[in-house]
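A single chain, nothing else alongside it, follows as structure tokens in the form predicted alone.
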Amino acid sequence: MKKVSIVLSFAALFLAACSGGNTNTTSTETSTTVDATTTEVTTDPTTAEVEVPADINALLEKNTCLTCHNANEKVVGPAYVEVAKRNYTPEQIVELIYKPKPSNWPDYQTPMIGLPNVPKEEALKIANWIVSLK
């Protein structure tokens, strides 16, 4: 049964990777809300999206992180802004890249697989960026 679960997890990961398009956004749009009693539109600056620096985006693409993660929205895995809210240290994030702990994210059905091929220097650079999103 465990083998079937692993195969299904890899199949889900493969389908997510092959679904086409880059799910990462570099938009700096803010969300708007309309008050039902007036026609005034207000902008909420707390929902401004994170812009991914080009060098970080290149590392995220190279190491297939964008297959399951996005800076601002849940995809297969949590958004990087959500990971930042967990107050992990960069070293903890690097460790989780290599040895994920699905128990840390029980609301996600597809557990992350370890990515031992990500060079430590690149993983640390990504982790430092994630921590900076707090």
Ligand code: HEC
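Note that residue numbering begins at 1 and tracks the sequence as displayed. Remember, it's a predicted structure, so these values are computed and weren't measured experimentally.
The protein also exists as the form predicted in complex with the ligand; that form is not presented, and the subsequent description refers to it.
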Hey, in the predicted bound form, does Asn104 get a heavy atom within 4.5 angstroms of the ligand? yes
Is there any non-hydrogen atom of Ala71 lying within 4.5 Å of the ligand in the predicted bound form? no
Hey, in the predicted bound form, does Asn63 get a heavy atom within 4.5 angstroms of the ligand? yes
Is there a heavy atom of Val50 lying 4.5 Å or less from a heavy atom of the ligand in the predicted bound form? no
The ligand in the predicted bound form - contacting residues of 108 to 134, heavy atom within 4.5 Å: Tyr108, Thr110, Pro111, Met112, Ile113, Leu115, Val118, Ile126, Ile130
